[in-house]
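In structure tokens, the next block holds one chain alone, the form predicted on its own.
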């Protein structure tokens, strides 16, 4: 057990059990690539400010690059420290000697961890956007294969009106995820201020160029208020909210698929259908139920992060150590759910005959017949009542609207065109045509 963040004023060594409990290295080691990147930019800033010589900067940069190479190859073993930031500094000290003592000049772990987290989060946003793009492309392919199939749209889990599968796919995945992608653009803007240079909470008197370092790391601006820069986690909270919104949309689609499969309207192939350990006939939509369950955990992630920030005073607090656990879990869960839904879209298909039968049994053309009367000048409520009476009469004799003959429709006061609506597929395509283009 060791810690380099101690002086005579701090006192003796930490109790080993407390040290083991409070270290964040087991989870914040995930920030190692970002910590090394931020440290290299900081060294270049120290060189610009004349706080290290060219030789010292070259040695520090080479040492940090060596650590990065070893980490990328999976060969780097970090020493036990309070966090990944101190572990990197100690590791460098063991390799380079006293010159490593200059690495932490003009910065604190407070602005260091905030910078690492911002770098990591920006990459996470772009990875989420790429995963959304993959899913949207898969949804488009699904719509190209099966989008012209008429299927029921539901209200109150009852057949309501016929729609084309393309309309449902677009409503369940296409448009919500496109909005989520735009939301992630806004999250990137939240993360576009580089905290490095804010120090512990009030900055440094050393002549470091914060804007140059921010540009070096790909940010558009440096910190403008050091207390805010080290304590703000708005970007993390916005990112976890975006994750929860994505998961909520995926969960709604998953719920649809569970229902559609249960009703026999859509089918899964064996690549994503799980079996029952006891019932040999089952073909279970576990993938969709698991995505729906992960969305529930995502809601917990959002609540946990909001609770962590709630009531903290201005500036940095050690409580913030735990934000990374929640953030990492939220990102991982969201990316996995996006990947699984993307996978699923290549292994599902509608049963066109079953969809047609459901539309017929559900009297899905009732609204079409009502609107046909309205288009001929009948007041809506009168048309509404007339079609409702027709539905009731048909059901009383064990029939449905589609069982009507053309002459029966004419006798009931419907125009000749009504006969074409007895074809539920024609009715669904006729309605969809109003939204084409």
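Positions refer to the first chain, counted from 1. Being a predicted model, the structure only gives us computed values, none of them experimental.
Only in words, not in the display: the form predicted together with arginine, which the text now covers.
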The unique member of 247, 165, 113, 265 whose heavy atoms fall within 4.5 Å of arginine in the predicted complex
113
Since exactly one of 329, 122, 109, 90 fits, which has a heavy atom within 4.5 Å of arginine in the predicted complex?
109
Does arginine come within 4.5 Å of any heavy atom of residue 324 in the predicted complex?
yes
With the partner left out of view, is residue 288 within 4.5 angstroms of arginine in the predicted complex by any non-hydrogen atom?
no
In the predicted complex, is there a heavy atom of arginine that lies within 4.5 Å of any heavy atom of residue 83, even though the partner is absent here?
yes
Any chance residue 35 has a heavy atom within 4.5 Å of arginine in the predicted complex?
no
Which single stretch, out of 142 to 150, 212 to 220, 314 to 322, 176 to 184, brings residue heavy atoms within 4.5 Å of arginine in the predicted complex?
314 to 322
Heavy atom within 4.5 Å of arginine in the predicted complex: which residues of 26 to 51 meet that condition, in order?
28
